[in-house]
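Single chain ahead, written as structure tokens, the form predicted alone.
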């Protein structure tokens, strides 16, 4: 026998809509066999409209109704068909069979425990969500001495955000279900039969599909992003492929020498000669998006001057990485710098606060022939990481032009 499965179009408490759905499908040749929380399974036969009746279960009842009830319903032309989770028994009959006139007050007493149970699920979900939020905020605000740095550099895992959204979606679904069962219970308790409860089928389908697709989607995204870098987004492009202008200072302007020319790549030298040396591309733009700094990008430049050579005859080389950040309104750029300078990589650097600059705040960091100049203007910060012989503090005007402009990715 051929079987087909269909996604339930509405929530379990929308009894009259489900009964009508089963009947409409039987007229198309699909007859209900079994049902679970997500799908209903139908056997394919000759079309014949059937009637369906969903009877609320007593609390903790078995999947099969008692024999007395089965025999009573069979005498009236109704056959037990399936059990729908802990909520309902489903009976079917041929079209034209007299309806089973269940007492709404009795049905309300049977529905009430399910309404209370779904309400408990809602409050459990709320408590779990609150615990999840408190633990996350506590970890960020109380137990992290570099919390601003973490916000800016994405050390707060993206899956945590996805898990919060998932918890929120589950809580809203539990609330929606609890509210629905409560509404059915209250209407039955007034003596109103299920068939008289007015519900918009299109609206019910829309809400059901929203939860059905939203929750698995968020869950899958959370699982996928668990195995990716803890960054909300990252991309890298050659400068030549950037169609919109970027706030930019050319390395040649820093060098101020007509013999200096930019190169497309350079050798990254780490360790002794020949150890951990590799070729790196220059003129690359890397974009980042993080919670604490939604706009971040860095531009890598490199160049040479063949007229200046060292003792080995190698031409003079210079390297510049411009790192632009636009912080969120709740992030302090100066606090970010304070935390940055306490990190291990700055232990041997000389940190020099600068005065008489066009910036709100500026700091120079030096180590050997490495120079880092940090410039803050409002919520924007420009970091110039430089290897070479030029004095970056003589080029404030170039960097100030970058910070005076506005850039939105």
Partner chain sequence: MAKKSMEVLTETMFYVLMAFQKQELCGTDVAQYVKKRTKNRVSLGPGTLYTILAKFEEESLIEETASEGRKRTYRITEKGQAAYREEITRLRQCIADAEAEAKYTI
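What you see is a predicted model, and the numbers here were worked out from it, not measured in a lab. What we label the rigid core is the largest C-alpha set whose atoms superpose within 1.5 Å from one form to the other. Residue numbers count along the first chain shown, from 1.
The following text describes the form predicted in complex with its partner chain, which does not appear among the structures shown.
Contact with its partner chain, judged by heavy atoms within 4.5 Å in the model of the complex, is confined among 318 to 326, 292 to 300, 114 to 122, 73 to 81 to 73 to 81.
When contacts are judged by a 4.5 Å heavy atom cut-off, residue 103 counts as touching its partner chain in the model of the complex. Contact check for residue 109: a non-hydrogen atom falls within 4.5 Å of its partner chain in the model of the complex. The shortest heavy atom separation between residue 58 and its partner chain in the model of the complex is within 4.5 Å. Contact check for residue 86: no non-hydrogen atom falls within 4.5 Å of its partner chain in the model of the complex. Note on contacts: among 338, 99, 257, 94, the single residue with a heavy atom within 4.5 Å of its partner chain in the model of the complex is 99. Between its partner chain and the residues 248, 288, 185, 149, the one pair within 4.5 Å by heavy atoms in the model of the complex involves 185.
In the model of the complex, no residue of 343 to 361 lies within 4.5 Å of its partner chain by any heavy atom. Taking 2 Å as the criterion, residue 182 counts as shifted between the shown form and the other one: its C-alpha moves by at least this amount when the rigid core is aligned. Relative to the superposed rigid core, the position of the CA of residue 53 differs between the shown form and the other one by 2 Å or more. Once both forms are fitted on their core, a CA shift of 2 Å or more is seen for residue 69 between the shown form and the other one.
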